[in-house]
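We begin with a single chain expressed as structure tokens, specifically the form predicted on its own.
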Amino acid sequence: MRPKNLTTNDHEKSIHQRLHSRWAAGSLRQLSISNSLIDFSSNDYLGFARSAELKAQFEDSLKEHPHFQLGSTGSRLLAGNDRFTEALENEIAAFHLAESALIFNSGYDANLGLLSSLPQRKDTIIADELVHASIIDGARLSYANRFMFRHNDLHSLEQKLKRSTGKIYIVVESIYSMDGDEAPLMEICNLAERYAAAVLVDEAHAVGLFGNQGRGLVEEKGLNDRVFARTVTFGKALGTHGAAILGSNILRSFLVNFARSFVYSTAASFTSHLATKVAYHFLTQYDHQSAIHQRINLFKSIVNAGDQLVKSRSPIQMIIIPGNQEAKNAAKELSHLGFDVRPILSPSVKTGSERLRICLHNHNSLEEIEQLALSLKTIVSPRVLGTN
């Protein structure tokens, strides 16, 4: 029975207490509006989201479809499917050298649908401890056994493989969003094949940046045929919205039937899919990769952070500044100098590994990157960055 003295105020108090705990720890999240600072925080690595040329190409393409609908009007299994979407999936699959692709409304939806439906009871999911929350949440919704292995630690992974039952799924990100480092994909595939495990790779922060024309790290390593499924997202380097799962035709059919985040979601709009189509075309028009890696190398050549700068050849560069308040103070000082750099605080990362997450972009000039790097050397303690 419901206690007679319980009121809605008690629910409010419970919420308030949890929020207060976050505030006391210096980790209370709040929404903010985009500012006029120089962007070193977004995931718009190639500058596609703000590209005037890409926008013009989109507008020209839109004129070719004067009778488009604003909304899809239903899930893909009801009224929300069309020839354009299926043709786009075929184009995406061909670009990534995959047999098939299935579009989801977001990377979160894609990982949630894949991990919650594919592993079954008595199967085993083994995920790197730093995988995205969408992978963790999807695994929790499955009936499979779940293990986490130490980040990029092959010995730890093999110890979990030895304890696994049923069909085994190893889940990693090719480029990790909070560190910018990469998974040892070749070694993981070798180990997976010894234990008859399937490898699932989230390529969210690799698409557009690595591989031939930005096909991703799996393609760069020549592992297309050794990875069971890849999640590619459109909301980062491609500058649009949504995601797709790449794999075999039978995997696509399985997800259409069993991935609840696909089955029960209204499909994205035509304009969203058109923007993604145009962005993929734009990706092949220029050598965007050389430009972004030039900026990454410039930043790393100036900043000397020793062990505090996480090893990364991606646009995500991390400087560890332990303590929520210390990381926030450093970000605030950078904002006063005109740079939008965000602190990453616990509990998003482990206590003691709080950091500045610096994202480099093609829309950042070389001068802006040099100014940021030099500013970091003066703002962050010399004990962190050194004096070179």
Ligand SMILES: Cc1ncc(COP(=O)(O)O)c(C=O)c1O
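When you see a residue number, it is the position in the sequence shown, counting from 1. Here the structure is a predicted model, which is why all the values come from computation and not from measurement.
The same protein also has a form predicted together with the named molecule, omitted here; what follows describes it.
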In contact with the named molecule in the predicted bound form (heavy atoms, 4.5 Å), from 282 to 290, 117 to 125, 202 to 210, 296 to 304, is stretch 202 to 210
As a check of understanding, the residue in S156, S177, T271, S261 with any heavy atom within 4.5 Å of the named molecule in the predicted bound form should be identified as S177
Answer key, the named molecule contact in the predicted bound form at 4.5 Å (heavy atoms) among R226, R252, R76, H132: the residue is H132
message = in the predicted bound form, does every one of N111, T233 and K236 come within 4.5 Å of the named molecule, counting any heavy atom?
response = yes
Give a yes/no on whether G80 approaches the named molecule to within 4.5 Å in the predicted bound form, heavy atoms considered.
no
Might E173 be said to contact the named molecule in the predicted bound form, defining contact as any heavy atom within 4.5 Å? yes
Query raised in the report: Can G107 be called a contact residue for the named molecule in the predicted bound form at 4.5 Å between heavy atoms?
Result: yes
